[in-house]
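The chain below stands alone and is given as structure tokens, in the form predicted alone.
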């Protein structure tokens, strides 16, 4: 495919995804924040469903040699970085995807969040290029290095290579666990709906008696 063809495919695909995200108001931040703070799961359920589909599909590709997994060391640096990124998402009130959508809709706060996302990424690229962490080449080898707080490469492809177990097996285990969480959420929503109906019925009785 030519470069122009690839750009057209990317434009069409991006437009469709953008339209779906804009119309559904889906947000990764809301999926976690609303579930923990407000006990609502409107965004949580589609997030879990998407994770189950992608996990199974990607690990299936890995098993048959078609998947190209990224290899990067997992360690304390990832934990700290994800924690800071999570704080930034909560302060911005949206994840990166929904920030793009809100900025396109004219939300000034989202525009500022998007601007400083670019600035932060640019500054990080300069610091990483000029001040590469000296012990990185020694401690980040893909193998566990507890002294350097590194756990090595951790993904289904690594487990497949090390233990000979097909990556799709690990994917199915994760899908099963995510499915249990999804099922628990559905049950909790049903219980909340039942309580709401009981409360509404009780209020109706009280109003009828008062009349």
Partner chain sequence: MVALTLIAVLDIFLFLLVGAWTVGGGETMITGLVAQFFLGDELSRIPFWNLVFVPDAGYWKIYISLGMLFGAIVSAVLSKEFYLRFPRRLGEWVMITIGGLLMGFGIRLAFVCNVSTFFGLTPQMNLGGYLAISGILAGAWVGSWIYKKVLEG
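Positions refer to the first chain, counted from 1. By rigid core we mean the largest C-alpha set that fits within 1.5 Å across both forms. Remember, it's a predicted structure, so these values are computed and weren't measured experimentally.
Keep in mind that the form predicted together with the partner chain is missing from the display, and what follows is about it.
A.B. asks: Exactly one residue in 185, 165, 148, 32 has a non-hydrogen atom within 4.5 Å of the partner chain in the predicted bound form; which is it?
C.D. replies: Selected option: 32.
A.B. asks: In the predicted bound form, does residue 180 have a heavy atom within 4.5 Å of the partner chain?
C.D. replies: No - in the predicted bound form, heavy atoms of residue 180 and the partner chain never come within 4.5 Å of each other.
A.B. asks: Since only the chain is shown here, I'm wondering whether residue 15 would be in contact with the partner chain in the predicted bound form (any heavy atom pair within 4.5 Å).
C.D. replies: The answer is yes: residue 15 has a heavy atom within 4.5 Å of the partner chain.
A.B. asks: Look up in the predicted bound form whether residue 196 has a non-hydrogen atom within 4.5 angstroms of the partner chain, and give yes or no.
C.D. replies: The answer is no: residue 196 has no heavy atom within 4.5 Å of the partner chain.
A.B. asks: Under a 4.5 Å heavy atom criterion, is residue 55 part of the interface with the partner chain in the predicted bound form?
C.D. replies: Yes, residue 55 lies within 4.5 Å of the partner chain in the predicted bound form.
A.B. asks: Within 75-96, which residues have a heavy atom closer than or equal to 4.5 Å from the partner chain in the predicted bound form?
C.D. replies: Contacting residues: 75, 77, 78, 79, 80, 81, 82, 83, 84, 85, 86, 87, 88, 89, 90, 91, 92, 94, 95, 96.
A.B. asks: I want to check residue 40: does it shift between the shown form and the other one by 2 Å or more at the Cα, with the core superposed?
C.D. replies: No.
A.B. asks: Classify residue 203 as shifted (yes) or not shifted (no) between the shown form and the other one, where shifted means its C-alpha moves by 2 Å or more with the rigid core superposed.
C.D. replies: Not so; residue 203 is displaced by less than 2 Å.
A.B. asks: So with the core overlaid, does the Cα of residue 179 end up 2 Å or more away between the shown form and the other one?
C.D. replies: No, the C-alpha moves less than 2 Å.
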